Each structure stands twice: as structure tokens, then as C-alpha cells.
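In C-alpha cells, the next block holds one chain alone, the form predicted on its own.
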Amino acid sequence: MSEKHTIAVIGAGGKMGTRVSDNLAQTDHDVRYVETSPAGQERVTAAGRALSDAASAVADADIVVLAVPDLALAAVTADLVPQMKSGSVCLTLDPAAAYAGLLAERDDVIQAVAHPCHPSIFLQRETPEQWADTFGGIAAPQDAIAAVESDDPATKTLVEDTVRAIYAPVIDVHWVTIKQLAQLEPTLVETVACMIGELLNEALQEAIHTMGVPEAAARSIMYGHTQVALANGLRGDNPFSDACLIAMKYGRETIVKDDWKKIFRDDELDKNLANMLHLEKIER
């Protein structure tokens, strides 16, 4: 760490808040843990961390980490941003609300967003703990993506120090705009990659339950060929065979719509995020 920061974690007892808090507790930063739900408060205190009230926690914090659901961010920032000190940073962990303009703003409070990349499928894991950490933030190194609405080097350092702490261990922090981060998450990784992951499982279940293939055999061939497919498709490790290319062409023509790349248009991004945020439309 380049220096010690005062960090407030809002939602410290939630799923992501607990992950963030566990990592920050291992640093030298001065961390304030805020949680409103009784169950979340119990998790914070059970972890041996003292609870702070929101007003005092954010009043002198250098950076406020909002580990709360997207749908709560408008109300939470409306309450807390007016209480933050001048020059501090409001850091959300997902770009949807920031891109949609739902966050309360102040001219002297900087808005930032950061999201974990999660450990790469191509990561060279060295320990059982790294293999077990598929999500990241525990043992397996990962990259992170960050966006900050400031050109001040000290502010960028503050954000990067915090990002490296909350998502540790971090290899690289990649800097983008808030819009670009929204194009990556959800469009690239949720709309495409996560959907394909779910589709793979649906296909696996069809092989097992409809075709009657023994489950162990189906899982073995699916898991191994998924690695080959990703290594060949994303990195070009080995060329697909001619017969495989024919089967791939049949799959694309049967499953994928011709106009699927429209999801990368701005209007489709707005439509997708509006659905995720339960809005009629994105107002920007």
C-alpha cells in the first residue's frame, strides 16, 4: 500500500460486503464497517469487527465503498453523499447504477466504479486453495476493472489502493470509462459469457436426462471439451478439426440469431440495464 486510507464499507455484512470486509481487515487501512440489517450486523460482529453508524463512518472517510444491491444505490447515495467530506470518493462495485445516472452527486465528491474480473480460466494455479477460489478475492489472483471521474493522480492512487485491497490478490487494475465498464458488465460477461455457461449446463442436463447418457460420462466430456473450446476459441491454442468446424457451423445456424451483435449497441445496453434496474428506461 502506498499509504493508509480511511475507508467506510456500507453493507459490510452482506455477501459482497463480507468479502470486501474480510480483505480490508487484513490491511493497515482505518476501516469503518456499516450495516443496517440485523442478520448482517450479526455477521459483522461475529467476524470480530466493530460496527459504526453511517453518518460518522462517512464523515471523515477518504473513500466510501458501497457494497449494497444496485436497486438500493439511489436511496443510499441520496442519504450518504451529502454527508461525505469534500474530495472523498464514492466507490460502487457495479457500473449499472452509475451509468444510468441513479447515484446522488456532489461537485466535490468523486464517483468511481470497480468490478472484479474473477480468476482467469487460464490462470496458472499453484495451490489447492487457488483451485478452490473460483470467484476470487480469497486465494486466486485476479485482475480488476476500474473507472474514476477524476484526472487527479492522488485520487486514482486512492481508488487503485482500495481496489487492490478489496479484491486481493490483484494482478492488474485496468482503467476504463464508466460506460465502457457497463459495456463489459453486463453485456460482454453476463449477457454473453454467463448466458453461455448456463446454456452449457442445460445442454449437459439434456444429454443426461433426455438422451440417457451416464452422468459421469457426460460431465467428463463436457468439462474437458469446454476447456478445449475456450482455449482454442479465445487463444487459438489448437485449430478445430474440419469435422468440428462443420458441427460448429450447424450449432451457430441453429442456436445463434443472425443479428445477435446488436447487444453491443448503446440502445440495447440501455434496454438491458433498464430491465436489470427495474426502470422503464435509462434517463441520461
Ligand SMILES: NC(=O)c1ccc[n+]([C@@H]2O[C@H](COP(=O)([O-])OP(=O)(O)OC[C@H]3O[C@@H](n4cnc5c(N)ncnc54)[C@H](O)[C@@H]3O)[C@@H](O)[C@H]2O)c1
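Remember, it's a predicted structure, so these values are computed and weren't measured experimentally. Just count from 1 along the sequence shown to find any residue number.
Same protein, other form: the form predicted in complex with the ligand, not shown, and the subject of what follows.
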Practice task
Would you please decide whether Asp94 lies within 4.5 angstroms of the ligand in the predicted complex, comparing each non-hydrogen atom pair?
Solution key: yes
Exercise for the section: Tell me, yes or no, whether Lys15 is in contact with the ligand in the predicted complex, where a contact means a heavy atom of each within 4.5 Å. Expected result: yes
Problem - the ligand contact in the predicted complex: Trp131, any heavy atom under 4.5 Å - result: no
Problem - Residue contact check: Ile63 to the ligand in the predicted complex, 4.5 Å heavy atom - result: no
Fill in the blank from the handout: Counting only non-hydrogen atoms, the one stretch of 112-120, 169-177, 209-217, 139-147 within 4.5 angstroms of the ligand in the predicted complex is 112-120
Practice task
Would you check whether the ligand, in the predicted complex, lies within 4.5 angstroms of a non-hydrogen atom from each of Val34, Ala67 and Asp70?
Solution key: yes
Practice task
Could you spot which one of Val159, Ala165, Leu181, Val76 gets a heavy atom to within 4.5 Å of the ligand in the predicted complex?
Solution key: Val76
Practice task
Could you list which residues of 191-207 come within 4.5 Å of the ligand in the predicted complex, counting heavy atoms only?
Solution key: none
